[in-house]
Structure formats: structure tokens, C-alpha cells
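Taking the form predicted alone, here's one chain by itself in C-alpha cells.
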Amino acid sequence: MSKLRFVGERTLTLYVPLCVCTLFILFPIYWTLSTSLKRETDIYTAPFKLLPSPATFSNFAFAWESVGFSTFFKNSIIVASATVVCVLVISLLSGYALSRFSFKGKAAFMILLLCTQFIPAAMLIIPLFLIFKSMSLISSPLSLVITYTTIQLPFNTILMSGFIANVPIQLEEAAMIDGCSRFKSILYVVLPVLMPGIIAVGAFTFIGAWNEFLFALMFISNNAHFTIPVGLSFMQGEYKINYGASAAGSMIALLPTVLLFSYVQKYLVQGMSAGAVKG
């Protein structure tokens, strides 16, 4: 095979598909960023202008101060962080039980966890709404924390059990021989080794809770408790849409997940691999 033919085939089979894929993924994000930096008049008079000229941050200031994104941002942080804590504690305990103990019904329980992933989220809206209404939790952030914990717990329990299975049980046995109880062996031996798994599960949970829209829309009616996805949806007026502020709000919503993902992406890959081969 000639070098020219090799380069041509490699370009067609490798670089062209990757470039097309990258274009499809990144262009909407770029367009949103560009729109967020344009003046309102430029958005309507020159909608296909690639670069904002002049660039302005007024849309970010308007979204943050006038629309209420500071409140939406705080609500999303509270709900997502509380969900992460609940999911980490419960998935750690249940994942440890699945990984370290043999008991009747273990296989059926694992299958049940997997089957919950096939249930459409929309099916849960009415029963959860009725439950929260009877508990006077409608329009309360606690309803979102309970819902997100319920939805994300099965997958993250499986993921955590895969991580724990990778921790040598001999480490715990050695700690217990030296006088540690099982709880102390988990606390002082397993948890430090398990830190990449904890970070991966926490990141998956945070991103899922941060981006969730449907349940937040149905359960929260007070705009003081809106999360960012719901706040974004209510920026669409009946007769006019402020595209600049909406784009700025989208970029504000995107920033925490991008920063989080850029920091923990190596742990996410490890988490997916561990969950795929263990359990």
C-alpha cells in the first residue's frame, strides 16, 4: 500500500468521522456561547453572525440579577448536593452488602436494580406527586431530593458494588485481626482506597440531579424554589423570547458540570469500567 493511499484511507476512516462528530457536538455549544455574548439588536438583525461584535456580558448580568438565576443556581446547588450525599451514603452501604456478602435473593435483587433502569421516568410522576401531596412536600426542594435519590440509587449501587469488589478483602481482614470492627475497617481501610469510586458516583449523581427537568417542573410551582432547568423554561414568554438572556442562562447552567467533568473524567471512566466487569 502506498503512503498516499494509507494517508487517504486513514483520513476518511479516522479524521473525517471524528471531525464531523466533534462539529455536531460542539457547534450548538459554540452557538449558544456566541448568542450569549451578542447584543439583543445583533441577535435579531444579524442572527447568523458567527462572532459577536462587539461582545457584551450584559446578558449574563441580566440573567443573573433580573431573571433570578442567582436563586435558581443556589437551589440547584442545594438539591444536587443533598442528593449526592444521600446517594453516596445509601449506595455505599448497599454496594458493600452486595459485594461482600452472599445471601438468598442476591441475584434477584441485582436483576431488580437493573430492571428499574428500564422504567420511563414519566411513569413515576403521578404516583410520586400523590405521595408528596399527601406529605405536603409539593413545591418543596425535599421532594426533588427524594425523587432524584430514588431514581439514581439503583445504577449507582451497582457501580459502587463494582468498585468495592476491586478492593482486596484481605485488607479488611487484616484490619479486623488487628482489632478493628467491620465498621471501622470500612471507615479506615475501604473508604480511602474507594475514593475514586466515591468521586465517580458523586459526579454521576450531581450531573443527573443538576440537569433534571421533568420532575422539577411538575413538583415545584413556587419560583423561589425553581432549579436552573425550570428557570430556563420559564424565560420563554408568550409573545417574545429573550434569546440573549436564555443563552447566557444556558451557559451558566453548563459551567458547573463542565468544571466538574473536567476534574473527575478519569474517575468516571474507571467507574464505568468497574461497573461493567464486576458485580
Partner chain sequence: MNKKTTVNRWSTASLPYLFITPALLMIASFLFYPIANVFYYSFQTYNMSKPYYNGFAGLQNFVKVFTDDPMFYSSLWISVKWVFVQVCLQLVFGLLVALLLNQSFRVRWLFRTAAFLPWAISGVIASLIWSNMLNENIGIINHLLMAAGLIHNKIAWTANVHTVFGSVVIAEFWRGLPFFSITLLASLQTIPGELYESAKVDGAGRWKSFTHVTLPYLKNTIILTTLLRTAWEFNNIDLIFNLTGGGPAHATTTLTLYVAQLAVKSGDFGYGSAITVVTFCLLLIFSVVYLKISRFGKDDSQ
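Positions refer to the first chain, counted from 1. None of the values given here were measured: they were computed from a predicted structure.
The form predicted together with its partner chain exists for this protein as well; it is not shown, and the discussion that follows is about that form.
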query = Are S81, S185 and A200 jointly within 4.5 Å of its partner chain in the predicted bound form, each by at least one heavy atom?
reply = no
Partner proximity in the predicted bound form: P154 to its partner chain, non-hydrogen atom cutoff 4.5 Å = yes
request  = Answer for N211 alone: is it within 4.5 Å of its partner chain in the predicted bound form, judged on heavy atom distances?
outcome  = yes
key: in the predicted bound form, T150 touching its partner chain (heavy atom, 4.5 Å)   = yes
inquiry  = Please determine whether F226 contacts its partner chain in the predicted bound form, using a 4.5 Å cut-off between heavy atoms.
reply    = no
request  = May I ask you to choose, among A174, V85, I119, V193, the residue with a heavy atom within 4.5 Å of its partner chain in the predicted bound form?
outcome  = I119
inquiry  = Given a 4.5 Å distance limit between heavy atoms, list every residue of 83 to 109 close to its partner chain in the predicted bound form, or none if there are none.
reply    = I90, L93, S94, Y96, A97, F101, F103, K104, F109
